[in-house]
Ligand SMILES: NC(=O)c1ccc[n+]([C@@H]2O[C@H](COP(=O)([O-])OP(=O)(O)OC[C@H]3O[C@@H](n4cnc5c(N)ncnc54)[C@H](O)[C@@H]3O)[C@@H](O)[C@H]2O)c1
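Okay, here we've got a single chain as structure tokens, the form predicted alone, with questions on binding and movement later.
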């Protein structure tokens, strides 16, 4: 079967649209038709060579799709189902069984292997050259082969184009709050960085009932949007001292919780230093090492650093939760997105990196229309 995909052939080279062959799904797999996909900074990291993968590769890991074929061993899905595609996991190891599938023992093999266990490729060029699959999906393509653990069904009346980013970026941000640091109603929080992950963390903090939700960024337009989406206070750290402002807002005590989505060393340090006694930080961005005094920064003030991978989420639960929040008007992530044709993928990435667009969504199926909800 022929498909179209955005391919990276060399590090730091732009995406190139190519026609490729896709294999038939085996008994444990599904073939899905991609409708749309969010773009994430993890895709940028691979294209720029920060994370090494066999090239050529099809990136993309925030897909929304329609099921077209179902392997004979797959249960719970049928042709025509509308799905959000996230990471895959085995479902059998200790970590999966205790509710942290993002730390599945076989996570890398399931999501980051270029080929199947038997060595067969998911995607190939006409000459037989394999093209690497990414994150268990390679959603920058018109079709893909996925495992059932990667899929979450959503109602067909929902606009499928919008919901792909729930599979990674928005799940990471909201999960860092709701599954990671778990703020109590009435507690205070500061979120550093108001991109897609930071905005999701901020909206989740509002859902959790935080009394003060402080958004910190250097882009005034993003801070204006943060106020619309639930931030009680905003700080432009380009013009103000964020630490001083946060302490002033909390009567000198500091915030109970902080989330860093920037990965910038000094910003992470500030996110630690503004914590109150007993406070916790969730640093969720890719960044460089920083120096921490375990006694002064942590022990003396009973502070905690909470590791949160992939929002510490079970995708099938967290994605549905975010859909419910969205439908209730409490998680308006639709205000963060801009749509692009898959053919304009390089422009979409450029707009994301410049800050012009918070969350680009690439459209693969221009003919798609959401179904009308039944009365």
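Source: prediction; values computed, not measured. Positions refer to the first chain, counted from 1.
There is another form of this protein, the form predicted in complex with the ligand, and it is not shown here; the text below is about that form.
Although the partner is absent here, residue 222 sits close enough that one of its heavy atoms falls within 4.5 Å of the ligand in the predicted bound form. Using a 4.5 angstroms threshold between heavy atoms, residue 166 stays clear of the ligand in the predicted bound form. In the predicted bound form, at least one heavy atom of residue 193 sits within 4.5 Å of a heavy atom of the ligand. Using a 4.5 Å cutoff between non-hydrogen atoms, residue 267 counts as a contact of the ligand in the predicted bound form. With the partner removed from view, the residue among 31, 55, 308, 337 that has a non-hydrogen atom within 4.5 Å of the ligand in the predicted bound form turns out to be 308.
Among 197, 204, 85, 259, the residue placing a heavy atom within 4.5 Å of the ligand in the predicted bound form is 197. Only one segment in the set 77-85, 273-281, 166-174, 140-148 has residues whose heavy atoms sit within 4.5 Å of the ligand in the predicted bound form; it is 166-174.
Applying a 4.5 Å heavy atom cutoff to the ligand in the predicted bound form picks out 216, 217, 218, 219, 222 from 213-233, in order along the sequence.
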